[in-house]
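Just the one chain here, the form predicted alone, laid out as structure tokens.
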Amino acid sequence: MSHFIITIDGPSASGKSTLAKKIAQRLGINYLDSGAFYRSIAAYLIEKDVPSEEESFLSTFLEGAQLKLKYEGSFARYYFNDLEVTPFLRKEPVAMKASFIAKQKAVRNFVNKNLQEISKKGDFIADGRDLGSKVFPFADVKFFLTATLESRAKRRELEQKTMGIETSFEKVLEQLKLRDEQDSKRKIDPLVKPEDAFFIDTTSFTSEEVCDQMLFEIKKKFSVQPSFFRTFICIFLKGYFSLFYRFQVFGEEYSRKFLGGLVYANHTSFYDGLLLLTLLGPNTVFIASQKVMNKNFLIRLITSLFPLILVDEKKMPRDFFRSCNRAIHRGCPIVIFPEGARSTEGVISPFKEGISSIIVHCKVKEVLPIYIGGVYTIWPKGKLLPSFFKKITVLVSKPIQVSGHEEVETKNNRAFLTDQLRGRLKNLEKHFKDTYECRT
């Protein structure tokens, strides 16, 4: 799959930058701030005391100019003609100069060209005013955000006061009115809603609510249509378990709303993977150990029907985390059995720390725990064929929020997170034994 680009357009203070940063963090991709490109040019012109009033001068000046971007984690550093301009980007004179030069065709062409070139080097989400209509007309997903003028003015007033800038609601309101008029009526690349963009009015919603809505549309857009064969297999398995077992699922609403992400479960039986397919559907992707795959023909046969992301404990594949991220972006549930192998005693074994590494590297925000009960006695390790007409109970928990662990991967961080995840599954195990197992 080639690199993708997501665009967010809209008027000032509609929430574009805040939401772009949130989504970039949630998806583990980079954020392109188109406004910072204009400010980079402005900062250089001010710092070097370069005259810049004439468009003819700017056109000639930019012909040999270079604008570079370097990411340190999620933080971007901006360089113009080898001068780092990052510290100057938020200064008021730079913002005013950027607003002035952004009206020049030569400047807009220069910035657009650089945005397009940088977007070819990875997966990005970018915000601006003409990105979906002009700069990235073939973007994979486009959004257009708006809000009432009054609500945008309140947001901008709060933002400026938080930054220590003295202002008032009336002043900000007047500035936004003027900016809206300039953006919509300018001759070069006016603010317009792209026809294929998702329109969202953010007035009555929190940024988290809008972020969730946007992520849902992104994952839906990237989701792949499963083959008829894989769909048939899932339907067949659901019928099989319903016919030959007393099959119950509690908390299924959590799995239905979980559109793409990391799912983990206990592992006691050959049936575990098949049961999860009935619950999560034909887009399910399994993380499997290369060692186990090589040793077990039956597992190789079953899992050959569905996508796998293979991992070797001794040598991590170079593109392993990228493959995980791709699957999440495409709306696929990724299933991992963190114990690493089937339990020989029917209880949850200690977890490997690989699940925590995936969360950190892929910037996963929530994971879905599932406990599979009753299958250990039906088809445990070492038993040739399964028993029938017994009870199987699957407990789906509310997703666990795991944000805050994605910045730095350390041994203590991994161990703490791994224990937290195992603890939630142990709670489900206890609930199953206390509530459901005794009724079997």
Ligand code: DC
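Since the model is a prediction, treat every value here as computed from it, not as a measurement. Heads up: residue numbers just count along the shown sequence, starting at 1.
Although it is not shown, the form predicted together with this ligand is what the next lines describe.
None of the heavy atoms of R330 is located within 4.5 Å of this ligand in the predicted complex. Taking non-hydrogen atoms only, Y44 never approaches this ligand to within 4.5 angstroms in the predicted complex. This ligand is not shown here, but in the predicted complex it comes within 4.5 Å of a heavy atom of R39.
This ligand is not drawn, but in the predicted complex it has a heavy atom within 4.5 Å of A102. Note on the partner interface in the predicted complex: the residue among R186, K113, K220, K161 having a heavy atom within 4.5 angstroms of this ligand is R186. For the options R155, K363, R342, R108, the one in contact with this ligand in the predicted complex, meaning a heavy atom within 4.5 Å, is R108.
From the list 279-287, 206-214, 126-134, 234-242, the contact stretch for this ligand in the predicted complex under a 4.5 Å heavy atom rule is 126-134. Proximity of S34, R90 and A98 to this ligand in the predicted complex is complete: all three residues have a non-hydrogen atom within 4.5 angstroms.
Relative to the shown form, the Cα atoms of L368 and K21 move apart by 3 Å or more in the predicted complex. Between T18 and L368, the Cα distance is greater in the predicted complex than in this structure, by no less than 3 angstroms.
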